[in-house]
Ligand code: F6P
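Shown below, as structure tokens, is a lone chain in the form predicted on its own; questions about how it binds or moves come after it.
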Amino acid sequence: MLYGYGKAVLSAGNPQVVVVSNRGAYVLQEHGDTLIPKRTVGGLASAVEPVLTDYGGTWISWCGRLDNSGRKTGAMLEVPQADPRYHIQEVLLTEEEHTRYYHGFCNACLWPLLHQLPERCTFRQDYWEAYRLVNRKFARITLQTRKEIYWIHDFHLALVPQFLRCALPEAKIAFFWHVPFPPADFFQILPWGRQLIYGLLGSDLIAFHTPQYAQNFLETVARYYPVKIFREQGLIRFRNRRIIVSAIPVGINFHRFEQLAADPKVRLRAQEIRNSLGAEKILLGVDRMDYTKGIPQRLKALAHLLEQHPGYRGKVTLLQIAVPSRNGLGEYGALRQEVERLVGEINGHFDEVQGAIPVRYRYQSLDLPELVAHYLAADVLLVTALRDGLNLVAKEFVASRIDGRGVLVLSQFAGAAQELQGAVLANPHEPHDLARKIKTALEMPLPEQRSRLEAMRRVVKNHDVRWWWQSHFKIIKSLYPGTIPTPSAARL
């Protein structure tokens, strides 16, 4: 399913794009001698795939298979199979590469560092060597696919731009950093920080979700390299090249969420969810099971609310959807145990003879219609990340609330707080503050709900996913005038 995007608008006037990311829109499953591409669900896939369905091109990624045979190149397939729009090119990783590069350097080193949790970091030379090796492998395979624009995604592949630049000095390279970029003092904790920055400086455009992340990056570059930096213009002069650093927050397919929110089947499902919970007010959390998302802090805030305001007992339910994440890492299993312990304690402590159960907990993924039904069923969405690059769930909730009802309680440390100023901002590190903000949301008058939602919906609609990727291409075009066609103006 392509999330509602229409037929590709392909013509000689559209640039061909190579998207490069650790994971893509498909995984490959083996059935005998046949490889079957299976569509994945995720923010990156839904944001990036429209570029390829609209323009054509190739998506290079690891597709879930581990191979120790020494093969240098994985499979290339057309997708979707029923109506091909673009190609996927598989990057094969060995089990050791995947363990040390992905679980090691990316998730045990970079992920906590970028979220300003250095006490969780594990710095190991073998992790770094695996990261360099895998980045070089991605670059080598990318060089086999010559297109007009190379668009590389996220911290997993920060070295790829410079590898490409060395082989193709005139290449047009854009890079999008999907997670927070910390202040320079935090980033410099990384023993290989200089090498990582050098890799990124192979790009023509380096984009982030917020102006603060962009400024943090510019300051970090200045710490490592004596280059000319024009902060107000977001411009770096590096080795006779211009590099643009910009804030271009990811958008969503606004119209698709509106369509689903108006679908009678989805609305009926939303009512079924409300009825099944038996609560007067429903709080909703939808998060990956990750320590950056603040799920334990949210549960503690709910407990504080029920303790201080007993009138809410039996009337308010938190429906927490925890999406499985990185099951191979022990600390994520420990987090799941902590969350489930807190759920049990809260439900046991605030057990009422009659009324709603305080917490309903579900460890599962939701498809898109079911997700929108949950958004519609809720009175309040809780996004309480300790730190988050952006948070698309917040935007999806806003787009889905076509009824003008609902309140978004949003962590002040999520990138989306910069855009969604109609949200009720809260500090997830302080349970008392978060509890107060939840109470404010539960008691907010309908006219104020509508006013806040209207303001946020305008932002999400105007800065949708098509605006996001067209903004990248316009900047690349400004750096290479006359060489890249203007992006298609096709509607969603």
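Numbers follow the displayed sequence, beginning with 1. These numbers come from a predicted model, not from an experiment.
The same protein also exists as the form predicted together with 6-O-phosphono-beta-D-fructofuranose; that form is not shown, yet it is the one meant from here on.
Residue in contact with 6-O-phosphono-beta-D-fructofuranose in the predicted complex (any heavy atom within 4.5 Å), chosen from Arg336, Lys300, His178, Arg274: His178. Proximity to 6-O-phosphono-beta-D-fructofuranose in the predicted complex, taken as a non-hydrogen atom within 4.5 angstroms, holds for one residue of Asn107, Thr94, Asn216, Gln89, which is Asn107.
Residue contact check for Glu258: none of its heavy atoms lie within 4.5 Å of 6-O-phosphono-beta-D-fructofuranose in the predicted complex.
In the predicted complex, at least one heavy atom of His156 sits within 4.5 Å of 6-O-phosphono-beta-D-fructofuranose. The closest heavy atom approach of Arg360 to 6-O-phosphono-beta-D-fructofuranose in the predicted complex falls outside 4.5 Å. Contact check for Ser325: a heavy atom falls within 4.5 Å of 6-O-phosphono-beta-D-fructofuranose in the predicted complex. Taking the partner from elsewhere, no residue among Phe163, Ile173 and Phe238 has a non-hydrogen atom within 4.5 angstroms of 6-O-phosphono-beta-D-fructofuranose in the predicted complex. Annotated contact segment (heavy atom within 4.5 Å of 6-O-phosphono-beta-D-fructofuranose in the predicted complex): 178-186, selected among 218-226, 194-202, 126-134, 178-186.
Taking 6-O-phosphono-beta-D-fructofuranose as positioned in the predicted complex, the residues of 90-118 that bring a heavy atom within 4.5 Å of it are, in sequence order, Tyr102, Asn107, Trp111.
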